[in-house]
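Next comes just one chain, in structure tokens: the form predicted alone.
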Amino acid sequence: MAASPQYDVVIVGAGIAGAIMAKELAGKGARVLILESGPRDREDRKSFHDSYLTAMAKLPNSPYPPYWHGNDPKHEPNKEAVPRPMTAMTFAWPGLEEFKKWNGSQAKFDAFNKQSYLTYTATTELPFLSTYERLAGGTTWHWLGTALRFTESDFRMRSKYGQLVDWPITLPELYDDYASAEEMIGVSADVGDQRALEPYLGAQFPEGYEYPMKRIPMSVSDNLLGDTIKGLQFDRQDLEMTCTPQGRNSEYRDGRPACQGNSSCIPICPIQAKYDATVTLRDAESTNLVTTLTKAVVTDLEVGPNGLITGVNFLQYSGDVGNYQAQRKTASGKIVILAAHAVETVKILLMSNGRRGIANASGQLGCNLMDHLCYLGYGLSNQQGFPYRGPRSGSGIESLRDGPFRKRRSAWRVDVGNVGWQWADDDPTRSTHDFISGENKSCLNPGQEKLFGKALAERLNMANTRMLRLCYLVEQEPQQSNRITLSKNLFDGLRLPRPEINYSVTGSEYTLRGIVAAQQATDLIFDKIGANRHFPDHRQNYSHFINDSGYPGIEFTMDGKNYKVNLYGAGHIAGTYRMGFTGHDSVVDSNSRCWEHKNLYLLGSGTFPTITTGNPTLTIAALTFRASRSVLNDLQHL
């Protein structure tokens, strides 16, 4: 039965893309229905924040349902209505040497897949480590807030460097949409900082542009690092430290306070100084032209004989895990927009047409799954930087995002952390355990001393106040073999198939050379800052390879040298329904309209032909503004 009344547009997903699109369309008088698979925050962040405070591990998913704080309660995606990737599943993935013993064993993968929403083929060499949320507001609940524009070269990789592919749009074509996105999010930054990078990155702004709010100043540790690396070069380019454009308030704005430096931006900003999409969703709903149905899981799309989408089938559920009641419904509109993220959007399309799939004449649907591969360089500075004062990250080294080196290796930006070694080595937990028990897993207790009282406090202070972590977000080459399909035998609590992923890294020499360069840059930087020299055994390596469960790794040989590297996900899931110049090699056009179904739009980073060198959220928003004009034009002719 079709939902009534008839809507002009049906949007699937209430994250940043869905919320912006709904607001733009309603502003022009369109009637919009949003279908959101997950629940809605109805307690002004309180329950989510309480969950974060009581969670043992402060993971990106920790505040949000379905909850998993270790194995209590156990994560059971086969019983949950809206399971999603859990950061905690990383802990179930074996270390490199143990994974080698799997040797492609289907039984080993089956055991892992049973407890993981994202399931894997036996040819996978690394888990896909990024996550997303299925609730109103989407993944902006736990995004870091980094709001960088892409560079002109990011859109022209094939033309300029002979690598990867070109986008069907250019940076200047997105100038106005980037400005709209920065205003919507409320980006705090100084355009002068960004213009200082023009010798490396090219022009990213039209003349006279200013950000909505002034920048958030660098932290103590950021200033120390910036001063220390002045004059250093890598690949014949300066290492330049700058304040990062951030989607958080530097002043009171739109009813939200200025950032208070809680440093818990991932997984949650307790005061909503950091933007999340519930802000825009409320604005859209205030027009009285936008209706949002939560706990509404889309199962498939109906296609008419002319190729137009005629219906959106969904299950509206209630109840608890293991005891769901679900009612099957259908919604219809002149235009249908999937804004359900790079994994869930693919899943909906593959489940359509009797699970034979739609929108895949190009053969690219679900392919080219990408992320920024995170290589963590971490060590101890010879000066106290006092992390945890300010946002989780507010500065970075951006000058290596572009350059002639991209002809031979992938690029990266360097996110400078402000939470010590929390991500890199589970600190201060691991080092505290070492100092108390006399172990040295952190490599900070080479004498394996057992400390207590004043000696323990002094050692912890010496270590934690000097901890420095660099995250290299390495550009990953799109590969058709890295893909999402539907599991044939694993389902969720609504009996919908779970995503199956095939994912590898070592097949791309271009990507691996970027990882090697990240290691080499770390050596250069940490040699300058005197990493670990104040410890009894200063020969102890920083950024050491960890061969334990929960620290996924790869091994490869490059130019006669063997490498073992731990890699992590950035939360930047991209590339599964790429945009392109024609329908022969892409799924959508430059306006995010599906080539095969003229009233179907696909939003989000799944449209990215390449992962580029910037965090994706700002560009997702900009592309949504661009697509909204095309949708409004189509509404006049359908």
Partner chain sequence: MTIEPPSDFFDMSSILTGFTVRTLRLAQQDADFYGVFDDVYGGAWLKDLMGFYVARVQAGSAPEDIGKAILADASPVAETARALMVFWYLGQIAPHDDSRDLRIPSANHYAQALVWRAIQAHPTGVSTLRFGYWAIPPAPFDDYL
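Positions refer to the first chain, counted from 1. Here the rigid core means the biggest group of C-alpha atoms that line up within 1.5 Å when the two forms are laid on top of each other. Quick caveat: nothing in here was measured; it's all calculated off a predicted structure.
Another form, the form predicted in complex with the partner chain, is not on view; read the next lines as being about it.
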Counting only heavy atoms and a 4.5 Å cutoff, which of 261-269, 226-234, 176-184, 396-404 contacts the partner chain in the model of the complex? 261-269
Just to confirm, Gly453 within 4.5 Å of the partner chain in the model of the complex by heavy atoms? yes
Decide whether Asn323 counts as a contact residue for the partner chain in the model of the complex under a heavy atom distance cut-off of 4.5 Å. no
Going by a heavy atom distance of 4.5 Å, is Lys58 a contact of the partner chain in the model of the complex? yes
Contact test in the model of the complex: Phe386 vs the partner chain, heavy atoms, 4.5 Å: yes
Kindly confirm or deny that Trp412, Leu623 and Arg626 each have some heavy atom within 4.5 angstroms of the partner chain in the model of the complex. no
Which pick from Ser504, Gln115, Gln316, Thr429 sits with a heavy atom within 4.5 Å of the partner chain in the model of the complex? Thr429
Using a 4.5 Å heavy atom cut-off, which residue among Ile216, Leu365, Val312, Ala518 comes into contact with the partner chain in the model of the complex? Ile216
Core-aligned C-alpha movement of Phe452 between this form and the one not shown, 2 Å or more: yes
Lys441: CA shift of at least 2 Å between this form and the one not shown after core fit? yes
